[in-house]
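Have a look below at one chain only, the form predicted on its own, in structure tokens format.
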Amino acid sequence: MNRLGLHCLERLPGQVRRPMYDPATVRNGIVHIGAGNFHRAHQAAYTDAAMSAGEADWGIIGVSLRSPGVRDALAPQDGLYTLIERDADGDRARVVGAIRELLVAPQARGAAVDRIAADATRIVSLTVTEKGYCRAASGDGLDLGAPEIAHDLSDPGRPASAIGLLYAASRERAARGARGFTVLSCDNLSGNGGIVRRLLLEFADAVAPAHGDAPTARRTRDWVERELSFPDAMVDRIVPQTTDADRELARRLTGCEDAWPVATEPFTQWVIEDRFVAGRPQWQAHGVEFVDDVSQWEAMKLRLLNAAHSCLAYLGAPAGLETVDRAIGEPALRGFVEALWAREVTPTLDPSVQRRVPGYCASLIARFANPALGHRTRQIAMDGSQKLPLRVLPSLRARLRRGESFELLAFAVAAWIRYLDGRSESGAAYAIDDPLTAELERAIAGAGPEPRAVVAALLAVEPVFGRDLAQDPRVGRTIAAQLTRLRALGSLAAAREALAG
């Protein structure tokens, strides 16, 4: 069987969608940092649709900050890959051709900088996950002690981080007086555009004393402030990790071998603040919504979809529920999620989006229940220390400020803490995959087994909880009660009891 590539396009089965342009002749206009599954199911798919409609100068150059896996899989395929939409009605395949080059930054740092610095690049987008921005423990600024940032400050011409890449390319453009580009974050951070702007400016401020080149740093900083734009954006699509079963499905649907297809759900959403300094594809013709203010859309998605996903992961995985559809299929967990939304989360949202909530939540239940995706709870459970502050704690803080109950949100936090025990309800051990694993494990080990002590120790981890929550006795007391319940009863029984309470 042939490997997927340009030579296969004319021989694909008729039901398989393909690029309506010649991928070999397009011009590149976007550099994307973090060309993983989500990008290939989301931003690249929207761009492929725009290119098929006649906008042939928006080809994507993908840059990986670490692993060569995507490059090694797709380069022999001329950058092509199969995007499979799956639901109970069946499987639909599409071959995407928008990614025209793939680089691995550690192996080609100069080339990665050159691609962003090129005049043809008008948008630099990012999906590097919450931890990829190297923010400080407080979440308010750049972590100058992060290994990647420390490296980039000492050698700004050979960057290892996303922020370092943006700075190095900006420095080159500024030096020759070139025009700017748009930096478009597509990660689950509230106000993501403003966050990237602030981190990049802080990096420029830190380069001068670290590298001894104040005039260049000042010129670059001024150019960033003057020439670049940083629109906020909200993205939404459920994209599991690729499995061998997905590869076999791609083979059956296309008749070609694909080393790294992507399987996803039919639903997709992208809401963007319309501030682009060097043009953009006509994404709105393909479903993108351009708005003046993204913040309320972000809050709705983070506090409803992402918070529920995390709850299902931390409750489902220890209970042996390996996928999201199995977790939401348990009446106790579905009931908990729906009650969490209705009782404690929706009232914290802005009135401008509350009218959308019932329909949005109904669609979420249907999406979670999609049996074809096989979205693994352990995948969602990764990096909880980065996700909890964005998904669950804003609602909890809002309830505290208004003097309102927060028992279900406390149950969600307790589920994460119980997950950190590293042992399922059947006694099987599992590894915790989190950038703060060592610090979290030290806190738990020093606290001993008593729930109140464990909760107090973890509330003192400022990168997760800040300083305020540890100082409010209601928080520790309520979470500890829920943790006691979870450890004693297990996920399903504890969820039922929490709802009854």
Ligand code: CS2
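Start at 1 and count along the sequence shown; that's the residue number. Just so it is clear, the model here is predicted, and its values are computed rather than measured.
Omitted from view is the form predicted together with the named molecule, to which the following refers.
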{"query": "Of 122, 301, 94, 173, the one that lies within 4.5 Å of the named molecule in the model of the complex (heavy atoms)", "finding": "301"}
{"query": "The unique member of 391, 109, 71, 397 whose heavy atoms fall within 4.5 Å of the named molecule in the model of the complex", "finding": "391"}
{"query": "Listed range touching the named molecule, judged in the model of the complex by heavy atoms within 4.5 Å, from 302-310, 164-172, 245-253, 97-105", "finding": "302-310"}
{"query": "4.5 angstroms heavy atom contact with the named molecule in the model of the complex for residue 235", "finding": "yes"}
{"query": "4.5 angstroms heavy atom contact with the named molecule in the model of the complex for residue 380", "finding": "yes"}
{"query": "Heavy atom of residue 264 within 4.5 Å of the named molecule in the model of the complex", "finding": "no"}
{"query": "Exercise: residue 188 in contact with the named molecule in the model of the complex, heavy atom 4.5 Å", "finding": "yes"}
